[in-house]
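Presented as structure tokens, the chain that follows is alone, the form predicted on its own.
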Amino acid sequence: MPVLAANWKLHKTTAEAIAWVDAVQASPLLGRADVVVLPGFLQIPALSARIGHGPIALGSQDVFWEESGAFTGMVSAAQVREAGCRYALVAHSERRRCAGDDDRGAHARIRAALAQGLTPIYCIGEGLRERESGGFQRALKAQYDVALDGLSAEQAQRVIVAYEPVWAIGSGQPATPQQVGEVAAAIRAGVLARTGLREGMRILYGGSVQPQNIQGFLAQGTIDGFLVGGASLDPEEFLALLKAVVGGA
């Protein structure tokens, strides 16, 4: 099934998060895609109680690679799983920029998430220098080569890769559907070759996805879903994206 993941970043109080879930849970489109909500850590327990074992899955915006210890401010995969999460975001571009996350850390986080039965959503993307020089494919390969190193084919199949063109963020030059489609196809081929998988790798796109432009990305045929930021905050806008993804009437 396609994936539609809502990354709320540093948005929403608990009351606002519950109201969003209540609105989205009423949709008959649920169950036709893997819908994932990635709230702030403090909202996870309340949303878990609200969602239960329904068709909306919870994820954390990060996990640390250690289970316990003297790691102030970190949250472990075991802790978020116990709180009700089934997914974990790893190495989002904002985490890379603001918290210094890198692909060696991503590798450890992915392994920790997998060990706890979580599905990692691993984010990669190239900067403006790599894009303009034409070396973006090498830059992307360098990222997933490190992060996915040593995973078995079975483990790799459980990882979702999300492509974020970092060069397009705030640049006024959004990535075109054709650019995204070509990069997604290259990532899939590279990851399959790297991990020994023959099929099953899911590739998401994240980057200013909106109801007005989502059809262009879907038409490329190389994307299995979307990691959505701003357009996921409003439940009606999110449901419009879900309708497009599943082809609902």
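A quick note: this is a predicted structure, and the numbers were derived from the prediction, not measured. The first residue of the shown sequence is 1; numbering continues from there.
Only in words, not in the display: the form predicted together with phosphoenolpyruvate, which the text now covers.
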Answer with yes or no whether residue 12 is in contact with phosphoenolpyruvate in the model of the complex, where contact means some heavy atom within 4.5 Å. no
Is residue 230 part of the interface with phosphoenolpyruvate in the model of the complex - any heavy atom within 4.5 Å? yes
Might residue 191 be said to contact phosphoenolpyruvate in the model of the complex, defining contact as any heavy atom within 4.5 Å? no
Do residue 209 and phosphoenolpyruvate share at least one heavy atom pair within 4.5 Å in the model of the complex? yes
Proximity to phosphoenolpyruvate in the model of the complex (heavy atom, within 4.5 Å), stretch among 176 to 184, 28 to 36, 59 to 67, 199 to 207: 199 to 207
Pick from 168, 124, 106, 112: which has a non-hydrogen atom within 4.5 Å of phosphoenolpyruvate in the model of the complex? 168
